[in-house]
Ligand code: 5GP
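This document starts with one chain, in the form predicted on its own, laid out as structure tokens.
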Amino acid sequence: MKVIKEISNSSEVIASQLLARDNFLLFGHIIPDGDCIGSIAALQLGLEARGKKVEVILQDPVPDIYKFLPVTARFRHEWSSDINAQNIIFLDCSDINRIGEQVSANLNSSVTTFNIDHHATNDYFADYNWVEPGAAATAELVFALLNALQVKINPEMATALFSGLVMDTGKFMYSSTTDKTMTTAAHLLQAGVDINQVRINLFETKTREEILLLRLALNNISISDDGRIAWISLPYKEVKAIGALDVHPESIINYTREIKGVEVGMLFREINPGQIKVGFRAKGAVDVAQIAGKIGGGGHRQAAGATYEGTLAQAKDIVTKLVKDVIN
């Protein structure tokens, strides 16, 4: 990939580059969350409103709770021969590997790449990089970008971005929430967010498989002897047995952090035999992004993740020891 390495904290700089180009391909990260999906959905609609050709590829399926956003039905999940992108935009990806091996194998050096993200661990991997760790969500940046593109934000775009904000800020309760976040949310509400659809789909609707996965998770909670660490284990075979391999609810890990006295909560999910997705949450001064970084991951101070290659038992032993070394 050619190296331009333009680093800018300006939505206007990125907007001017996007307006001068066409044929965009938008990427989000594996196991996409609300911020990833909402940001992609809104930017796709915004670029199309400016007459641009846009395609989206997510390696993993869109979780059911986000399918109420109509544009997600157009997302692709594999590369096909009719995709002829000249420009690629990575959204909510802290590094290029976050898009997944299946789709990253098709990248080539002839395209121009854009990296729009809010993770402090971002490694500025694209030609044009706009990374703001102080932003509560990538959706916050996309809102500013749409304004810089002089796109009139319609209710569908607003609902997508609001969903991203709500999910990445823990309903505006995480410490990452700022006055700018709330101002952005207010503008989105004015633009026509369907608040009832957001509430019903994100917080009041669960599939049978989600409930079964939650039951399995609560049965598999462990707590350290001192009560400062808690973790949930989800073995591949047990998740497969309840038909929940494709279910990735973002809220399950929070049950570990909600236990009184717990400072760091973790979720160990075996997504494939020998491949463990590790999630971290903190509610005190512990920087879990630094812990995740020790096993090749990253994220934010209070929410981070990584992938561990090995057995579930090994992952739990190694990672819990890393956490204990930090908090003791």
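Residue indices: 1-based, along the sequence shown. No experiment lies behind these values; they were computed from the predicted model shown.
Omitted from view is the form predicted together with this ligand, to which the following refers.
Taking 4.5 Å between heavy atoms as the contact cutoff, choose which of Asn23, Thr311, Thr307, Ser16 touches this ligand in the model of the complex.
-> Looking at Asn23, Thr311, Thr307, Ser16 one by one, just Thr307 meets the 4.5 Å heavy-atom criterion.
Is there a heavy atom of Gly279 lying 4.5 Å or less from a heavy atom of this ligand in the model of the complex?
-> Gly279: yes, in contact with this ligand in the model of the complex.
Taking 4.5 angstroms as the cut-off for heavy atoms, does Ser94 touch this ligand in the model of the complex?
-> So Ser94 counts as contacting this ligand.
Looking at the partner-bound form in the model of the complex, is Pro63 within 4.5 Å of this ligand by any heavy atom?
-> Outside the cut-off, so no.
Is there a heavy atom of Arg257 lying 4.5 Å or less from a heavy atom of this ligand in the model of the complex?
-> The answer is no: Arg257 has no heavy atom within 4.5 Å of this ligand.
Where, among 257-265, 49-57, 64-72, 279-287, do residues come within 4.5 Å of this ligand in the model of the complex by heavy atom distance?
-> The contacting stretch is 279-287.
Could you list which residues of 107-139 come within 4.5 Å of this ligand in the model of the complex, counting heavy atoms only?
-> Just His119.
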